[in-house]
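Given as structure tokens, the chain that follows is alone and in the form predicted alone.
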């Protein structure tokens, strides 16, 4: 029987690939733990700077959120640019904007390494309420005036140019955003990293990081790796390697479905943009290269998946697109996304151990950036790394046993506001 969490459209349409066998001396400059976007981009960037690198992954490349997310490329962070400026001041807002809105490292990597991952341009944020649309319009005006960043304000009457659904009260179309096949991107990064000299070792579960007289050690189920630096890029599983860092996130379970190819796919999303709406528990959807509707909706706070993922997600699809409510569902999948208390990523350094996690469902672009900034800092230029590392972060209250229940209560409150508002 196929595990429903692995029955993904991405896994079914990704090319076969296995890393070269890792053999010989297990001493390196940099040991990277985690084979998602952050770890892969960090490993690749470190190798390009002349470091010797070993990357270990407990399962396989792209196993976590990097290989099964909605494929939405949304510039920025979960906070709007105006919120960042209000909280952190003009200079820090400028630095964050330059990194997280202007510097599209994903597009640069795809172009440089010729990664075939169905990259498309265009992202639409759809307003669930008139008040949401008013806030979007104010933010678009702010971005244009403050940063010269151009996006299109889409009135409710013009939404049919992007989406065949009457639910939304307008939106913002951002041509700098887009969508892609995330697993193919992860595999493309892995191939580029291996070509640059990175040794990639799948099926290696990392234990806790240790300090040795020679530097740092990472013990796995198969070996002991000695390194000068370690990068912990395990996101939802970071607490398994560094338990204290696990206090900064909670796992939220997201689920996706992919329909059979649809004859009317282009009618549903005429501009072929990826779409995410403004609800706290948002819907997000897009077309695949072969004209399937890939749809994510709802979320769960229990790590036990629904008995029937299609039945869990399909009502959300039917609400947005009743015209394809009965479309056959070919693929279902999902898993955990690590969420921080303030929805900003938690990135930092402790001695020669770097970490980055908690991208809070907004990481398809910023994870690649984070990995490259870690490599910059490791090479001695930490200014840009510090822009993200200095974002505020707090552990969830409640300790090991109460952290998840307390966080769930807060999330349920906002989910209830969605339903009532």
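Residue numbers count along the first chain shown, from 1. Treat the numbers as computed from the prediction; the structure is a model and nothing was measured.
Just so it is clear, the following notes concern the form predicted together with a small molecule, a form of the same protein that is not shown.
* Candidate stretches 354 to 362, 45 to 53, 22 to 30, 377 to 385 - the one whose heavy atoms come within 4.5 Å of the small molecule in the predicted complex -> Within 4.5 Å of the partner lies stretch 354 to 362.
* Heavy atoms within 4.5 Å of the small molecule in the predicted complex: does residue 237 have any? -> It does: once the small molecule is placed as it appears in the predicted complex, residue 237 has a heavy atom within 4.5 Å of it.
* Heavy atoms within 4.5 Å of the small molecule in the predicted complex: does residue 92 have any? -> Although the small molecule is absent here, residue 92 would stay clear of it in the predicted complex, with no heavy atoms inside 4.5 Å.
* is_contact(residue 65, the small molecule) in the predicted complex, heavy atom dist at most 4.5 Å -> Residue 65: contacts the small molecule in the predicted complex.
* Contact of residue 241 with the small molecule in the predicted complex (heavy atom, 4.5 Å) -> Answer yes; at least one heavy atom of residue 241 falls within 4.5 Å of the small molecule in the predicted complex.
* Asked: the small molecule isn't shown here, but in the predicted complex which of 206, 187, 269, 106 has a heavy atom within 4.5 Å of it?
  -> Spelling it out, the residue with a heavy atom inside the cut-off is 206.
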